[in-house]
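One chain comes next, on its own, written as structure tokens: the form predicted alone.
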Amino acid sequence: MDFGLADKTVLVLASSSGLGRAVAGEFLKEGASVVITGRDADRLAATSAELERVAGRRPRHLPCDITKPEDIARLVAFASEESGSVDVLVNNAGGPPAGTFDDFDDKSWIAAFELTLLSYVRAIREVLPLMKKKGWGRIVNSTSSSVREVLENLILSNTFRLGVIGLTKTLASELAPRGILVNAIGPGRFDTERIRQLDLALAKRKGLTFEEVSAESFSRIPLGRYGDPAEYGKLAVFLGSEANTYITGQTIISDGGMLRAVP
């Protein structure tokens, strides 16, 4: 399938590792001009080189702290330098700390809000003038399967990921007449550093081994495994491409069948 991405500029936030890195790699394979970003300049440069080896094309990269509005403005300006536009924005962010309600003060709640929701708002605000001018755009917001079924010990993520869905649904309605489609993906358990950290934390809290926690997780997933980040990347590519012409305002859960809830 031709995704029509050869002349498109794609900006992927929080893409030096994990699902963001996988998304960038899949867009590169489809011929898009990709910009990746992260806070650690050395790690970002290493990821750029690694993606070139894997995908055959090198992304551009710029360090950015997505909780800082000035960094996001600078990043979008950088991403649009070559083509004059950002055609596809993939919003992504590392998850806030695990914990229960009693674990967090106002400072923690504000930090989680800025990371998980406000960073998306700010990035969208910066790219929209470019997309509106072109009359075409795709926005893909990475969230979590918790938007359908909340996850234990993740109250900060559970709260603000739902805000992303409200943002997605509202913008989809507002922007459809301008040729801009907005969707969200809710990943379940993919084989990333974030999931390994959560499994380790759960093992420590319950007095289990890491292997026991992983096995228990596998037993709740009909496909019997964690997802390959590349599988997530392929879904993001479709939603962010010219192949997607009639899907907007939707939240697509990618979790190997783990959730039992009916939408």
Ligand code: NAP
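Residue numbers run from 1 along the displayed sequence. Fair warning: this is a prediction, and the values are worked out from it, not measured in the lab.
If you look for the form predicted together with the named molecule, you will not find it shown, but the lines that follow are about it.
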property: Contact test, all of T67, N92 and R189, partner the named molecule in the model of the complex, heavy atom 4.5 Å; result: yes
property: Proximity of A14 to the named molecule in the model of the complex, heavy atoms at 4.5 Å; result: yes
property: 4.5 angstroms heavy atom contact with the named molecule in the model of the complex for E212; result: no
property: The named molecule contact at L19 in the model of the complex, heavy atom, 4.5 Å; result: yes
property: D40, heavy atom within 4.5 angstroms of the named molecule in the model of the complex; result: yes
property: Options 174-182, 124-132, 137-145, 77-85; stretch whose heavy atom lies within 4.5 Å of the named molecule in the model of the complex; result: 137-145
property: The unique member of I195, A55, L202, I221 whose heavy atoms fall within 4.5 Å of the named molecule in the model of the complex; result: I195
property: Residues in 106-134 close to the named molecule in the model of the complex, defined by a heavy atom within 4.5 Å, in order; result: L115
